[in-house]
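Heads up, the chain below is alone and in the form predicted alone; it's given as structure tokens.
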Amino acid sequence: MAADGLHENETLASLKSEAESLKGKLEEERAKLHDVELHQVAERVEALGQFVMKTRRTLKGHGNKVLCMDWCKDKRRLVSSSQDGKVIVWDSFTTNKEHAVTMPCTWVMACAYAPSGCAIACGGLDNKCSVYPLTFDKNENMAAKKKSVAMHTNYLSACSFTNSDMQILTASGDGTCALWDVESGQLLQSFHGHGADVLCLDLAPSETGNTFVSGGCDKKAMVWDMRSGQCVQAFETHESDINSVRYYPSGDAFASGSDDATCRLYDLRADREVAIYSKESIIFGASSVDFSLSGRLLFAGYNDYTINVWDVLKGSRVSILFGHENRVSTLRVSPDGTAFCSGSWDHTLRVWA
């Protein structure tokens, strides 16, 4: 060992202090770039007018808490997963159920629609991510065609297909994220850096998107390079678990929702937090966030059963939506931006427009 002469405690202490001083220097450099607040820049922007959103569809069929949902690229179908072990594919226009799978475990915390619309992925307390192909054969046995793709050492908290059906990205309670090949089930890349459970992830929106962001119980949001497996940026300003992360439509920023009852906006080019969306009266955690297609609105689902709509630029709340009878657990804007869907512990999903 290089530091034989030093006592172990001394080396650790000196390294710790060195790390702290470097952290301080980094913060100073970051502060130099911090010239003006987002809401000050936005003062000249016109305020948003009154807008009304209502529940247009209610999807009923789960026997327990809805935990996750995802839209199909066709802007019509969606998949949801629940604590009852069921994964259901819905037609959001007619509210009909098109497919249903019963998973071997309860608490199916993650589900995702493949870009082609021909498969779904899901998982949860089974520590696995399974892919099911969807066909229109009424007598098909979906469970027989199930393919186990990802294996973690703790629960699966989130999953997402990359830009093709061939690769899937997973986040887990074991503190890692991983990229898998769907066909072979091979691990292509793993992402280590979170100090606790990873709860959420989101892929950068670009076609060449080689980065994704993850958030977790260590209060950190981390941006990763998918090719190298390295963390390229990290943000640690939340005061509690980060439950949801979502890229801004341009890919230059992302929002996060946390148990500290705030949502925050991070600018990747300025490498810092640029806005906090909070109010004194909001004391419950935000479980899920998503942007409108233009990026002007941020929809956030909360544990107090409400959905708050924030003006991203001005930082003010423009609307509050009531309807769910238990905490809102998941929320996604449809691919064409005309509606969004929320899932709740009240066993239902609602489509708003």
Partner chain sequence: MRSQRLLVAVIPHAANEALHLGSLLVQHGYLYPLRDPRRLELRPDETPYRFQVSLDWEQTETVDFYRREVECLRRALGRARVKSSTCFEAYLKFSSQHGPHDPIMSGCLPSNPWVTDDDAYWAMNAPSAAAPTRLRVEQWAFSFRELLEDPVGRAHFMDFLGKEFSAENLSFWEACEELRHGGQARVPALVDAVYQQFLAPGAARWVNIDSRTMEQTLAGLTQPHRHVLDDAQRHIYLLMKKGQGMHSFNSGLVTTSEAFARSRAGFGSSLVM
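What you are looking at is a predicted structure, and each value in this text was computed from that prediction instead of being measured. Numbering follows the first chain given and starts at 1. Rigid core here is just the name for the largest C-alpha set that superposes within 1.5 Å across the two forms.
Quick note: we don't show the form predicted together with its partner chain, though the next part is all about it.
A.B. asks: On the criterion of a non-hydrogen atom at 4.5 angstroms or closer, are Lys16, Pro249 and Ser292 all touching its partner chain in the predicted complex?
C.D. replies: The answer is yes: all three residues contact the partner (heavy atom, 4.5 Å cut-off).
A.B. asks: Is Arg57 close enough to touch its partner chain in the predicted complex, meaning at least one heavy atom pair within 4.5 Å?
C.D. replies: Yes, Arg57 lies within 4.5 Å of its partner chain in the predicted complex.
A.B. asks: I'd like to check something about Lys220: if you look in the predicted complex, is any of its heavy atoms closer than or equal to 4.5 Å to a heavy atom of its partner chain?
C.D. replies: Yes.
A.B. asks: Please check if Tyr155 has a heavy atom lying within 4.5 Å of any heavy atom of its partner chain in the predicted complex.
C.D. replies: Tyr155: no contact with its partner chain in the predicted complex.
A.B. asks: Find out whether any non-hydrogen atom of Ser281 is located within 4.5 angstroms of its partner chain in the predicted complex, and reply yes or no.
C.D. replies: Residue-level check for Ser281: no, no contact with its partner chain.
A.B. asks: Heavy atom within 4.5 Å of its partner chain in the predicted complex: which of Ala270, Ala100, Met151, Ala143?
C.D. replies: For this set of options, the contacting one is Ala270.
A.B. asks: Exactly one of Val274, Ala178, Ala261, Ile88 has a non-hydrogen atom within 4.5 Å of its partner chain in the predicted complex; which residue is it?
C.D. replies: Filtering the options by heavy-atom distance leaves Val274.
A.B. asks: With its partner chain left out here, work out from 39-47, 61-69, 300-308, 321-329 which stretch has heavy atoms within 4.5 Å of it in the predicted complex.
C.D. replies: The contacting stretch is 39-47.
A.B. asks: For the stretch 15-30, I need every residue with any heavy atom inside 4.5 Å of its partner chain in the predicted complex, listed N to C.
C.D. replies: Sequence-ordered list: Leu15, Lys16, Glu18, Ala19, Leu22, Lys23, Lys25, Leu26, Glu29, Arg30.
A.B. asks: Superposing on the rigid core, is the CA of Ser21 displaced by 2 Å or more between the shown form and the other one?
C.D. replies: It does, since the Ser21 C-alpha is displaced 2 Å or more between the shown form and the other one after the core fit.
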